[in-house]
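Have a look below at one chain only, the form predicted on its own, in C-alpha cells format.
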Amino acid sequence: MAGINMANKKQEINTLNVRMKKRRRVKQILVYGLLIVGAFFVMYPFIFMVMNSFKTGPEIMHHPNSLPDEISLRGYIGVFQSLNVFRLFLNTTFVATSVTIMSTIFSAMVAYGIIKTDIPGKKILFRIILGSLMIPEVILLVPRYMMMYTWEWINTYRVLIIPVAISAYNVFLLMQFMRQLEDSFLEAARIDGANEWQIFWKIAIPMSKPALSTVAILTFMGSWNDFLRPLLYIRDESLMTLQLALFQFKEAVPGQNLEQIWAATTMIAIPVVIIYLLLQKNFVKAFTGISLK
C-alpha cells in the first residue's frame, strides 16, 4: 500500500509539473506575442520611411504600404543635387555634439553638487530646478527671443548651443541616479585627501556612466531633431541644420519629387539610430541599476 501511495504521489507531482510547464509556455507565448506586436507598431513607421525612400514619387503616392517594385536611388541623388548635404550634416553634428557634451557634463556637476555635497541652499536649488520643469516652453519663447536679439546672438551657433547647455530634466535624472551611489566610496576618497573635483571626475563620473549615456542619448536626439529653435533664430543658409533645411526643402520641392523628401528624412534618422544602438546597453543599465550592484 505504501508503494502504491508513493507511486500515486509521484504521478500527481509529475502531472502538476506538466501542467505548470504548460502554463509557463502559454504565458511565455502570450508575452512574446505582445512584445512582437508592440515591436511591430514601434518599428513600422521607420520601416515605412526607409521603404518609401527607395521608391519613385508616383509609386509612393499610389502604393505607400507596399514594398518597392524596383529599388530606386532617385530620391537620394536628388537630395544631394538640391541640398548641400555635407554642410547641413556638419552644422547639425556640431550643434548636437556640443549641446550633448556641455549639457551632460554641466548637468552632472549640478546633480553631484546637490546630492553629494553640503553646499548651502541646495534644497532651494532643487525646488527651483523642479519648478522650472513645470513651466511650458511656449511661454518662454518671446522673452528668450528678445534676450537673444538683445545679445546679438541671432543667426549664430551660440544661440543653438549656449541656452541649452544645461537641462533641468537632465539634472533631475542624474540626481535620481546619483542618490544610489554609495557614500562610503566618496568618504574614503575624502579621507585619502581627494578634493570634490577629483571625487567627481574619478569616482562619481565612472560610476554614473549608464545614466550619463542615457542623458547623452536623449540630449543628442533632442538636439539633432530640434526644429523650433533653428526656425526661430537661424537666417543664413550656411548655418542651417538638417531639420530646418528639410522643412524648406519640403516647401520648395513639387509633389512629383516626393521621393526626395523620404530619402532626406531617412538620412536624418539614421545617425540617431546608430548612436542609440551603440549606447543601448548603458541606456538600459541606467534604469535597472545594474551598474551599482
Partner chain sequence: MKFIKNLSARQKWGYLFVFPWIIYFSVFLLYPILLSFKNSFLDINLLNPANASFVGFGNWLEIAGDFLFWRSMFNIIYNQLIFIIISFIIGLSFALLLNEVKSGGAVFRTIYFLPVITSITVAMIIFDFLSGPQGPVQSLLINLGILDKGIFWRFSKWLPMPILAVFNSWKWFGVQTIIFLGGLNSINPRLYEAADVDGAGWFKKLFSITIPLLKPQIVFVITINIINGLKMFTEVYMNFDLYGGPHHAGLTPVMYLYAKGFDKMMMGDAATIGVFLAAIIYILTMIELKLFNSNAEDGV
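Residue numbers count along the first chain shown, from 1. Under this definition, the rigid core comprises the largest set of C-alpha atoms superposing within 1.5 Å between the forms. Since we're looking at a predicted model, the values are computed, not measured.
Just so it is clear, the following notes concern the form predicted together with its partner chain, a form of the same protein that is not shown.
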ask   = So which stretch, 93-101, 122-130, 206-214, 79-87, is the one near its partner chain in the predicted bound form (non-hydrogen atoms, 4.5 Å)?
value = 122-130
note = its partner chain in the predicted bound form has a heavy atom of only one listed residue within 4.5 Å, and of 180, 72, 155, 117 that residue is 117
key: Contact flag, residue 184 vs its partner chain in the predicted bound form, heavy atom cut 4.5 Å   = no
query = Does residue 66 reach its partner chain in the predicted bound form, with heavy atoms at most 4.5 Å apart?
reply = no
query = Does its partner chain come within 4.5 Å of any heavy atom of residue 34 in the predicted bound form?
reply = yes
request  = Verify the contact flag for residue 28: yes if a non-hydrogen atom of it lies within 4.5 Å of a non-hydrogen atom of its partner chain in the predicted bound form, no if not.
outcome  = yes
task = Sequence order please: the residues of 84-117 with a heavy atom within 4.5 Å of its partner chain in the predicted bound form.
result = 106, 109, 110, 112, 113, 114, 116, 117
key: Per-residue C-alpha change between the shown form and the other one, residue 226, threshold 2 Å, rigid core fit   = no
query = Does residue 238 show a Cα shift reaching 2 Å between the shown form and the other one after rigid-core superposition?
reply = no
